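Below you will find one chain, with nothing else, as structure tokens; this is the form predicted alone, and questions on how it binds or moves follow later.
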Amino acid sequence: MKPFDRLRKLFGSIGRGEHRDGADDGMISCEEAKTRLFEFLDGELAEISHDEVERHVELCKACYPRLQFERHFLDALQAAEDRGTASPELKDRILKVLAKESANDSF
């Protein structure tokens, strides 16, 4: 199970109108928003794509927590880079997530 799947479980089930995989309202799907998320955060999307992702994550209760997680993760990486090394706490957290992922993938 991937870390984002774990987060999804933590936030519980998604009610009607809160999850946008159907994209029947003209919005992009959750999957499409997820594939563009890093480019969105890095400011590397064309204006229309940027606006589509921004609109999706602002309205989708399933994707907004993922956006916040990614922002915090990138901020932590930037802080580690600015210091020249990752803090022992950050290293510990990353290694624990990787170990759990490896354990889950082996089944």
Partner chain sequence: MTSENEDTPAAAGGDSVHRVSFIEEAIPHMDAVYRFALRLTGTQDGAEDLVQDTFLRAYRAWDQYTPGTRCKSWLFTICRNVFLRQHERRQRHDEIVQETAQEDAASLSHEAPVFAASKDSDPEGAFFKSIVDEEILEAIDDLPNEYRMAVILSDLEDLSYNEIAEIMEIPVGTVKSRLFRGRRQLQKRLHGYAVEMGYISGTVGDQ
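Source: prediction; values computed, not measured. Positions refer to the first chain, counted from 1.
The protein also exists as the form predicted together with its partner chain; that form is not presented, and the subsequent description refers to it.
- In the predicted bound form, none of the heavy atoms of L59 sits within 4.5 Å of a heavy atom of its partner chain.
- Its partner chain in the predicted bound form is not approached by D51, whose heavy atoms all lie more than 4.5 angstroms from it.
- Within 4.5 Å of any heavy atom of its partner chain in the predicted bound form lies no heavy atom of M27.
- Taking the partner from the other structure, its partner chain in the predicted bound form has no heavy atom within 4.5 Å of any heavy atom of A46.
- Residues of 34-48 lying near its partner chain in the predicted bound form, listed in sequence order, are K34, T35, R36, L37, F38, E39, D42, E44, the criterion being any heavy atom within 4.5 Å.
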